[in-house]
Ligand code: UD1
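Only one chain is given next, in structure tokens, and it is the form predicted on its own.
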Amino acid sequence: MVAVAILAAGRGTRMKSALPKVLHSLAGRSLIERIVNSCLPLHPLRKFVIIGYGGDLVKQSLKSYPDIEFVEQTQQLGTGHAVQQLLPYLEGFEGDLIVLNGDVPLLRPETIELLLTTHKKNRNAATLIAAYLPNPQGYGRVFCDNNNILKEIVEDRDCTPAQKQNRRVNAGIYCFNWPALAKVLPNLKAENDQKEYYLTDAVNYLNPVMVVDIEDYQEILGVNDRKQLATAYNILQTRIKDTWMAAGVTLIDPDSITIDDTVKLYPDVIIEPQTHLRGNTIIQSGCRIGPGSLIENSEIGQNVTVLYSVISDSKIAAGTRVGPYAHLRAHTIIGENCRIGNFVEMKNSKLGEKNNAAHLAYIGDATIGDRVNIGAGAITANYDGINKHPTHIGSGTKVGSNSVLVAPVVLGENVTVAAGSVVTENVPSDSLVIARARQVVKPGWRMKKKDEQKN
């Protein structure tokens, strides 16, 4: 039996934010969500998040994880004090407790699994993760025997000059035999400058304690300020992009591209420079995205091209071309083999197949059939100042340039809207609609000059 406790009670004053530190976003997920996800493969019997500052916000952010138990730490008196709050919750529990930090978002699930496996295999009272840092300043140093049995942890400020040469540091990530830990937690003392109860002190009461060294020290890097958040982002981006390139995705100039790890890409996708993929985005094989595009929470079908465009909360079917400089907003659904061109904006609209809106159009709250051509400058006037209204355009219809379709309005199939028309009434199928003032020409007329007007 395994339980997991995530320490997430601190404010994170160095973030200079009203938002709790663990709720800051990192490549599409909050720090705390990343930690929760990293332990899910273990299938823990119980999952605790220890909250304090901004506890209600943390609860709200994790509402999609209904089996999480929240434990309140009303005073933040150190890591040992935080775990002490679990004593009434785990009374009678005979399994192991993994303790994770809510501000260490780069820890891989495989590392946590290695920690637990090592702990169980050796029947340790406690097992902790250590790593060799290039610059260990500020970290407690870990000293072991040849069998990786812990001898002592010495805090940085207490290290002798010789001890400071040791680059092996404590990551603050533990696996405890809970009955053994529960016995020693009440004995912790706040005999330090910060007057806090440290979980490392509990380790001194337990035996045996084993150390698991990990190769990638970046996994244990914490986030305490905005600079460290940016560092973590760069590390995560490298991981994500390496993974996709190994899976058959071409990234042209990876350094200029950003990809959330919630994004799913298929082989033979090409991502051009200055392109950003965010949220729950799916891009199918054969697509060419960018340069200079942003796609967020959208599904892109096979062989779609997107050039210098923004797509959010939309679905684009196979073979469609988007851009340059198109903007597809929430709830836009584009059928196969369409052309959505220069400076076209769409919102909350559904288009069928083989439609063409090549340039300078606005389509909002519309349902459009197949093989429809939207001329340059055509718009659906969907808003009356109070409410939004729908427009329906049947298959085979041609909407002339600079036409305005004043919703609510229905155009049947194979309708032709003359250029410059303002359509305010429904139009039956197989019709030509001309809704504009008749042109008037006055021969021999010209504008008078100023001196002629005076005379």
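Note that residue numbering begins at 1 and tracks the sequence as displayed. The model shown is predicted, which means the values in this text are computed figures rather than measured ones. Throughout, rigid core stands for the largest set of C-alpha atoms superposing within 1.5 Å between the two forms.
The form predicted in complex with the named molecule exists for this protein as well; it is not shown, and the discussion that follows is about that form.
Heavy atoms within 4.5 Å of the named molecule in the predicted complex belong, among the stretches 352 to 360, 281 to 289, 99 to 107, 114 to 122, to residues of 99 to 107. Only one of Gly335, Gly341, Gly140, Gly364 comes within 4.5 Å of the named molecule in the predicted complex through a heavy atom, and that residue is Gly140. Site annotation in the predicted complex: the residue of Leu77, Ile214, Leu90, Ile270 reaching within 4.5 Å of the named molecule with a heavy atom is Leu77. Within 4.5 Å of the named molecule in the predicted complex, a heavy atom is found for not a single one of Gly28, Trp244 and Ile257.
In the predicted complex, no heavy atom of Gly323 sits within 4.5 Å of the named molecule. The closest non-hydrogen atom of Gly369 lies beyond 4.5 Å of the named molecule in the predicted complex.
The named molecule in the predicted complex comes within 4.5 Å of a heavy atom belonging to Asn224. Heavy atoms of Leu7 reach within 4.5 Å of the named molecule in the predicted complex, making it an interface residue.
The two forms, fitted on the rigid core, differ between the shown form and the other one by less than 2 Å at the CA of Gly323. When two forms of a protein are overlaid on their rigid core, residues whose CA moves 2 Å or more are considered shifted, and Thr250 is not one of them between the shown form and the other one. After superposing the rigid core, the Cα of Glu196 is displaced by 2 Å or more between the shown form and the other one.
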